[in-house]
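Below you will find one chain, with nothing else, as structure tokens; this is the form predicted alone, and questions on how it binds or moves follow later.
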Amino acid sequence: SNSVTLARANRRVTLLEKAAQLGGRAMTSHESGFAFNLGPHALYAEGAATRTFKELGIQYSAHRPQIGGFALIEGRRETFPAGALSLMTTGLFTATEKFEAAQWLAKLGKLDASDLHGVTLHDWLASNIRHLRVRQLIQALARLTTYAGDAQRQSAAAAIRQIQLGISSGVRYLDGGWQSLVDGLRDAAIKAGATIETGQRAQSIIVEQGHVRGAALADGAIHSADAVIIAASPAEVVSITESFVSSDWLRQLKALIPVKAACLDVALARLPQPDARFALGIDQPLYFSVHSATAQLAPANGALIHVAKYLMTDETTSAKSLEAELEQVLDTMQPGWREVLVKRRFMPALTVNHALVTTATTGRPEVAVPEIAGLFIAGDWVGAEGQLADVSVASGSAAAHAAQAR
């Protein structure tokens, strides 16, 4: 998005992409008629990304998934309490627990979380919600909306605000996968005059007397520039900048905690259980969703399913055990899935985003790199606005406007 913004402002823009294809974690691969995102992706309807795409005129087709499904608890399925009727009828809670769950589900969307920045989600749940099963439900909603499984480090304020964003207008699944957004942004950037070069890795940033002068590529080529935006992981930014930025700033980047998930993406010739389309783990950090039931991601009669486990920061479970755990979720939700399997892809530790929002006072860095004029950063770990794709796009826009102001 920053390339589009700057090119439309009549700036000379060169986008250097180290991979052979644009998109990063937003890439979509197409196999046997199925569109595979890298794990489950959702676009928040009222988030910064949606707002920015609308401002830039990026066109895409998206749909809101149906609310409701199943809760996974102690290895069995129960009705997920998505509304008043399902809350009354679910076997997830006792009568007393249902009363407390109803209270919290009613007020969660209006809760003022502004004074909870220094409180972890774990501590807030323990201090405010009486019944364990109700605490587990709210924590499951936090996992669903933030993809983070570490409540003992996660900021309660950030988790609650993300739940509220999900409650307000929900999320959207994209027809054709997230590659449709990548392609739309690429086309808009090129139309505005930007140059895009794939397979080009920036080796270093050229800095003279505290000012950016350009970027040096791995092949020795030099791109002169009076502003550079680095959209990369914290580790890559540290590697590129450690020779000329302050040690305090580098320590801030190194202290960021990545959010990871184990993901099993499955394409089926048909759905054995057509009514079992969504499930959320209550006592375990598990997720199951048939994304093709909402968006066009599969051929006729086919099904594209994402199954995931939200991982702890210090997760030690082996890849083999994680895969078996996700297969068990499929066995529970879609018995017979192996007989109609077309394609599967397992990723044991996919980085969902590079910075868990914790209670740390330093938090995520701002877009301007301190002490270096004209150097900016962007990504899912930069800036104060939003989480996941929203913070990626918001930081990209902020970096573009800061560069434009030079």
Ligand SMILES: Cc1cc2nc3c(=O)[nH]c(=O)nc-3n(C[C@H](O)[C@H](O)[C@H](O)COP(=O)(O)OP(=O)(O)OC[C@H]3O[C@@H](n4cnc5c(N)ncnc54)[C@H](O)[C@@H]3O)c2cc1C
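Position 1 is the first residue in the sequence shown; the rest follow in order. Because the structure is a prediction, the values reported are computed rather than measured.
As for the form predicted together with the named molecule, it is not shown, yet the points below apply to it.
Residues within 4.5 angstroms of the named molecule in the model of the complex, judged by any non-hydrogen atom, belong to 229 to 237 and to none of the other stretches in 229 to 237, 114 to 122, 88 to 96, 184 to 192.
Checked against the named molecule in the model of the complex, the residues 374, 348, 65, 40 give one hit for a heavy atom within 4.5 Å, which is 40. Of the residues 76, 201, 254, 211, just one reaches the named molecule in the model of the complex with a heavy atom at 4.5 Å or closer; this is 201. Taken together, the three residues 17, 263 and 388 all come within 4.5 Å of the named molecule in the model of the complex, as judged by their closest heavy atom. At least one heavy atom of residue 379 is located within 4.5 Å of the named molecule in the model of the complex. Contact annotation for residue 58: none of its heavy atoms lies within 4.5 Å of the named molecule in the model of the complex.
Put simply, residue 26 is close to the named molecule in the model of the complex: some heavy atom of it is within 4.5 Å.
None of the heavy atoms of residue 397 is located within 4.5 Å of the named molecule in the model of the complex.
Along 69 to 91, a non-hydrogen atom within 4.5 Å of the named molecule in the model of the complex is carried by no residue at all.
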